[in-house]
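One chain comes next, on its own, written as structure tokens: the form predicted alone.
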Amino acid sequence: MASECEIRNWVAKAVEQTPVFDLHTHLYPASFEKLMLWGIDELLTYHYLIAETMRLTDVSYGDFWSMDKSRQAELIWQTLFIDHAPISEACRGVLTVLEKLGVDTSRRDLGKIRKFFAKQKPEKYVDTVFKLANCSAVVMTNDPLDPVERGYWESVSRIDDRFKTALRIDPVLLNWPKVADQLSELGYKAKGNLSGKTIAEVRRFLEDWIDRLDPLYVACSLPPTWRYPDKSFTTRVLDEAVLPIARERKLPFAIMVGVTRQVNPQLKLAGDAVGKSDIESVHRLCAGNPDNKFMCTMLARENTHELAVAARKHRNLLVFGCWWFLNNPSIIEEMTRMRMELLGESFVPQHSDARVLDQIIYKWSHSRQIIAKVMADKYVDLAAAGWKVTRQDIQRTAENFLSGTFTKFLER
């Protein structure tokens, strides 16, 4: 029988050395130019750090937004890293990225840090980041109704194959009647009240972009007020267009539920918050559409236990990640431990949700430590129960958690 020390060492090595398939990000390849966010100024002006900074400075919202990105980054560095201890997870993340890149922060000199990034070339920097994160691929968030992104899809012939696609359809589900005008401008005959051929045209829009993007799944972020089914346009479009197309194309429909938009509009992207959502809607969605595959993550900590129980009841539901405000070590450990106890290996412990390329370095470094800790505890428990633990068992579990469970779900 393997000793506890051996088991913990085997788990640590397996989780550290196994490449991860990051199933949800907001990243773009270098060929998408200005949509590819990377480097120290982008790390510092990430919306998590903006929200923290505005709690600690007398600078007005208007004055902050009037600054260029360089000046914003300098204010955030001074406020969070010099005037205060950078103990939040978002601040620690920046420091982890710099440490993994070999950038000296001992002098706390932002100018010198910037010089390191100024020497990097985007294409080669992508290679560096993927290597340091031990990441085999990331899934983007692709919105064809965003004119900037759509322009790249219409002009770029080939993209880095480590960047996989996901068709994001928030406006199509949530923005009626306004979205009808956007669809009409693109040549789809849509009416704001869903009359006439609108549903057929929504289906045509989805099919056209599925053909173009070849996405791994279709996705939408939903508010805590979302209910299914109801008499809303959202339910009708979902039932008559999105779910039939997803079923025909064998694509999972991924829902991220619980974001309350713009509770403080002055913070812009940093102004969103969290609300507790209705787990019964998830049950009804999965039970009412047994031939569809669903992926789900929920934003409120209060929902995470309910969601894990829901996954035990619906084989067509894959629970994934610790999203947004849940992406803090204490909560990640609690959630990962609870999910392992309820779901075994049949969930995906984490996704990065990264908006800045460099973030996958710290998000996976920090999360691997937690996943390994919880995995090791569970395997030690198995050994104590008389089960012969092998390195092969541990390696298989690590591969499932970091890529296999997701890819097998896609192939069902």
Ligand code: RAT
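None of the values given here were measured: they were computed from a predicted structure. A residue's number is simply how far along the shown sequence it sits, counting from 1.
One more form of this protein should be noted, the form predicted in complex with this ligand, which is absent from this view; the next part is about it.
At a distance threshold of 4.5 angstroms between non-hydrogen atoms, K378 is out of contact with this ligand in the predicted complex. For the chain shown alone, W324 is a contact residue for this ligand in the predicted complex, at least one non-hydrogen atom being within 4.5 angstroms.
D353 belongs to the set of residues with a heavy atom inside 4.5 Å of this ligand in the predicted complex. Remark: H47 counts among the residues lining this ligand in the predicted complex, judged by a heavy atom distance of 4.5 Å or less. From the list 22-30, 35-43, 342-350, 55-63, the contact stretch for this ligand in the predicted complex under a 4.5 Å heavy atom rule is 22-30. With the partner removed from view, the residue among T198, N303, N142, S221 that has a non-hydrogen atom within 4.5 Å of this ligand in the predicted complex turns out to be S221. The contact with this ligand in the predicted complex, taken as any heavy atom within 4.5 Å, belongs to M256 out of M256, A190, L216, A246.
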